[in-house]
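Okay, here we've got a single chain as structure tokens, the form predicted alone, with questions on binding and movement later.
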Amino acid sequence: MNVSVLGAGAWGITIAQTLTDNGHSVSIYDVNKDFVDAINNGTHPFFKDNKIENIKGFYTLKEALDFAPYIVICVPTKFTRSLLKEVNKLLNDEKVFINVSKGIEPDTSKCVREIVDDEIDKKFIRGYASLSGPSHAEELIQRKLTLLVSASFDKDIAKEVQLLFANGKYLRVYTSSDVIGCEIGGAIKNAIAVVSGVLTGLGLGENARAALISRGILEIERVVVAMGGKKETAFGLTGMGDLIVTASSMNSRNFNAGIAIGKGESAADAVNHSKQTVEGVRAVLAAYQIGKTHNIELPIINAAYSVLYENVDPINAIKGVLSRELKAE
């Protein structure tokens, strides 16, 4: 099967390599020509020790779109809408769109599925699925055991994408019908992961991180349900599972950005110093806006917003959360 990946970041290339392991013909497109050159030379632009094989790098978007009936969306959400506008102009037949990015568009509070619906003509959409779960590119590129979820409103498409990615060696994929829950959970956990990094940067210890993860998943669940997703999805692989790995690993760009902020860097500097996109900072803004719109109690998100967007000192923000009225768990 032919598959085209849009976005040659660390995750896009890793996803592409997994697909080639499964015997598919894979192309990848990116505006960064140095990344495309590296791919065509068998070199991973981010993980230099990992050679990549049998992936064709394309310099033009049209080449990638014409190559395959499956289009994998793997760009930061701040670029998703503009990219899909260009995609729609170049399409001449229907595709299955597969989102592997994790983010929410601030201001609109829309996840990628909704942006696809906005920007791609219905006649070009054969199906849509979101592939998500606890997964670091650094580990999957080394074929380490990983579990993901293929979510689609169409169970046949969910199964189709499941079969496209799953293999019996290192990647197991489940299906779900809760696209909203999977995409929202995958996005909001990045916000909580940034907070986890801040606590670590402040030297507050493992007790604080465990408490944050436990209380943070409740805020993820509240946002998921408010946006129309299922509560149980928040406690599965795309919610709790993804939160655990992202909020506690040095492989997590969001966790590392939070550490830098906890040590005194500004949010802007922490993001700029990261070699990969830090979706969590934008996710804090999106979650804060959703909380205000739907009148959801999100003390952790609100505290994170005050630090990232109102320049409140992290220690004072933490004191604000801890001074809230005592109550039952």
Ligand SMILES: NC(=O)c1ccc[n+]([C@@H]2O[C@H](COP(=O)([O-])OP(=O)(O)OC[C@H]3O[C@@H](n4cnc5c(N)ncnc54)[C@H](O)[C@@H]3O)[C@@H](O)[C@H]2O)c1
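Each residue number is its position in the shown sequence, starting from 1. Remember, it's a predicted structure, so these values are computed and weren't measured experimentally.
There is another form of the same protein, the form predicted together with this ligand; it is not shown, and what comes next is about it.
Asker: Which residue, G127, G236, G201, P76, has a heavy atom that falls within 4.5 Å of this ligand in the predicted complex?
Answerer: When this ligand is considered in the predicted complex, the option within 4.5 Å is P76.
Asker: Does this ligand come within 4.5 Å of any heavy atom of Y288 in the predicted complex?
Answerer: The answer is no: Y288 has no heavy atom within 4.5 Å of this ligand.
Asker: Indicate whether P314 is a 4.5 Å heavy atom neighbour of this ligand in the predicted complex.
Answerer: No, P314 stays farther than 4.5 Å from this ligand in the predicted complex.
Asker: V100 versus this ligand, in the predicted complex: is there a non-hydrogen atom within 4.5 Å?
Answerer: Yes - in the predicted complex, heavy atoms of V100 and this ligand come within 4.5 Å of each other.
Asker: Should A8 be classed as touching this ligand in the predicted complex when contacts are defined as heavy atoms within 4.5 Å?
Answerer: Answer yes; at least one heavy atom of A8 falls within 4.5 Å of this ligand in the predicted complex.
Asker: So in the predicted complex, are D21, K56 and F165 all sitting within 4.5 Å of this ligand, heavy atoms only?
Answerer: Result no, not one residue of the spot touches this ligand.
Asker: For the chain seen here without its partner, which of 48-56, 32-40, 298-306, 257-265 has a heavy atom within 4.5 Å of this ligand in the predicted complex?
Answerer: That would be 32-40.
Asker: Taking this ligand in the predicted complex, which residues along 104-138 bring a heavy atom to within 4.5 Å of it?
Answerer: The stretch touches the partner through S135, H136, A137, E138.
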